[in-house]
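Only one chain is included here, represented as structure tokens and corresponding to the form predicted alone.
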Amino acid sequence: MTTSIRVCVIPGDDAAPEAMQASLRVLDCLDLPIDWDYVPSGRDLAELCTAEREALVHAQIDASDTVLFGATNGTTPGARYLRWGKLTFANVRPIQWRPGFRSPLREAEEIDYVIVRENLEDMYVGVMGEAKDLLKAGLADVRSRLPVGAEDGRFAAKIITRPGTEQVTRFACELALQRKAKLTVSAKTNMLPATDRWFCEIAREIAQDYAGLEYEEFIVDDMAHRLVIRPQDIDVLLLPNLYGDVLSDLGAGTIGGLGLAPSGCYGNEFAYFESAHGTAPDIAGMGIINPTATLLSAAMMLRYLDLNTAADRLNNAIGNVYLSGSVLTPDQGGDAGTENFADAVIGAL
């Protein structure tokens, strides 16, 4: 098969490379038209200085069509560049229960929604410091609810922009129309009118451009409750950055844990894919990390690359392994290792 696609593989740190290695064995069985470009693991990169590590990884990212990323504890560079350098503004996190997933909920069968998280703004802009500087600048007025001793405190800025909100809302609207034509938007509108209420106002305005799109809004604490009590009511959920980070982990918990949670980060010209879990340092080297999230992220990547048949085969194979229930990792109630699970998926293929 002629190779025409270049994928940069960043295995990451701690236990993440174990999940990546097992996942790549599975992907090799799909006979994909992909040229894989491997970044060394975080442990191997540690011998280089920070500037050398970043230059190496950034160059490999720039030379690729997309990236399959493990997870980083900060040793492996690339996460910041993939996000802010490549302007991947929409973090897409599917929350879908499948037969065999170890959900803590009694009725999880109808959980199938997607969180679209704005990925560049909100509390993650990195503007923070000592509160006395904020007070000296005159940014606190009589409406502020400053606590006693505020002058000795710290602050972090929350920034929402119209262009940023508009582009992620359009992304979410288009995704909703591809699915069930329903968009839910949530933020802390009652307490943060300058940012969160404005975010929702902009989203509501943009949604009106999409004929046939059902639109609804909830305050974010109510939304957290609904994701546990009535998750089947949600289809595409649009959230500002911080709430999206928190509630996507909550959603993963309702289907059986972060080991089952994939994600993709999309921009106008680039996208990359990574499991939603962290590096799992507590189980590094034990060979028991669940590679499902990495495999499902790879399936999202294949769809991005228009390799839909391969994505379907991979999704079906993973589903069949869980349906049989005989080769599952410890987080899902089994005793299989990471490589054993990968072998089972290969067998299902």
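In case it trips you up, residue 1 is the first one in the sequence shown, and so on. This is a predicted model, so every value here is computed, not measured.
This protein has a second form, the form predicted together with a small molecule, left out of what is shown; the following refers to that one.
Put simply, of Asp249, Glu217, Asp112, Glu201 only one has a heavy atom within 4.5 Å of the small molecule in the model of the complex, and it is Asp249.
Distance criterion of 4.5 Å from any heavy atom to the small molecule in the model of the complex singles out Gly259 from the list Gly78, Gly264, Gly259, Pro231.
Only one of 318 to 326, 46 to 54, 24 to 32, 289 to 297 places residue heavy atoms within 4.5 angstroms of the small molecule in the model of the complex, namely 289 to 297. Of the heavy atoms in Ile283, some are within 4.5 Å of the small molecule in the model of the complex. The small molecule is not drawn, but in the model of the complex it has a heavy atom within 4.5 Å of Thr279.
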